[in-house]
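Take a look at this single chain in structure tokens; it is the form predicted on its own.
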């Protein structure tokens, strides 16, 4: 192949970057790759075979291989590595060239880089990518944001490489600036919430019902054939069949109960708090990952603190059906929280998001893909400015039909001493959102009492302060 006319370049040839290079090449595009780690360059060259893709060990030769105007995608860790790559390539670029950040960068960093590169005449796109290594290789969901004309330049490449759902591409232009990375951040926040809910259902089946791994596998497998059909439920079912290579046990029983995180869930919670958007399920998921890391303290506490017997005697099938409905309830409310946050952010940051398009590109390729997302897409297609998914006529019925089940599951968990903060937070969100009155009037009174922060009245406009009676 002609090494001076590549359609796009990729910096960062780890699993994600290398797989995306091969994906692009499989769809007929010529791709150059670069990585400071020569072994990764060699690995790409080995895997590329007869495809129009190759790796370069020299950054200068890599950039020379790109046709003008140049398009360079980065798939490197967020933060300083992204800035380092930009600093390295900038001397080789000309006005009109394009840099694409395909990593999980914080949206504020994307805004800063966009502004700085615009001053140099360089276009910059922030593209959220979801689907893991398999998605990168065979079709991820991609969430691009930045200048629309810059997106149009690489649109054919991204559309060809993206996942497909009913023959529709799971990629679309989302909005200006950091819109793409912001949507990806919220996607990951929703992912945290869903994973927490599923883990709580596992805990109830394992500790309360005493089910073995094979039985738990069968439950998740059956759920994945119904209304809970989703990538996360699918892989959860698979996990319980995996044997440990070093023992006769199942692998799940050998994995330490400490969950790591890269920060995107925390970023979601942090920005939601800045915008005053409630995300209780996602917040609970972040907190429980934090709690899981206190392993040694939990082990010591378990010797001192005690609760009720975690095992219960119930009819198996009715309980599993009840648990399935509770998971569905919590899934809907988690998506509702994430989409509500996007609604506020779209206005706050002038993204002008089309929410049906967000749901549309999440239906395939990404980690949170689920049958439910088609109903979410329809909800926004019917009412583009829907304030919350809980008031959609279809989804509200689903929520109402499963609220008794989630209440029962929470009651059972409380009686067994099993922590289910995800389920609890989801129900609290629903109960709070449907409450015409909340006790925030007392909070206003307390703030005015101790800090003269004033309060508002139900019968008169304005802000008021009272000299409270100190008893």
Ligand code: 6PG
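Residue numbers count along the first chain shown, from 1. The shown structure was predicted, so the numbers you read here are calculated from the model rather than taken from an experiment.
The same protein also has a form predicted in complex with 6-phosphogluconic acid, omitted here; what follows describes it.
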I have 129, 132 and 191 flagged as a candidate spot, so tell me whether each of them has a non-hydrogen atom within 4.5 Å of 6-phosphogluconic acid in the model of the complex. yes
Looking at 311, 303, 260, 243, which has any heavy atom no more than 4.5 Å from 6-phosphogluconic acid in the model of the complex? 260
Contact with 6-phosphogluconic acid in the model of the complex, heavy atom within 4.5 Å, among 367, 71, 117, 86 goes to 367
So in the model of the complex, is 6-phosphogluconic acid close enough to residue 187 to count as touching (4.5 Å, heavy atoms)? yes
Is residue 172 one of the residues lying within 4.5 Å of 6-phosphogluconic acid in the model of the complex, judged by heavy atom distances? no
Can residue 104 be called a contact residue for 6-phosphogluconic acid in the model of the complex at 4.5 Å between heavy atoms? yes
If you check in the model of the complex, is residue 388 within 4.5 Å of 6-phosphogluconic acid, heavy atoms only? no
Name the stretch, out of 397-405, 327-335, 263-271, 86-94, where some heavy atom lies within 4.5 Å of 6-phosphogluconic acid in the model of the complex. 263-271
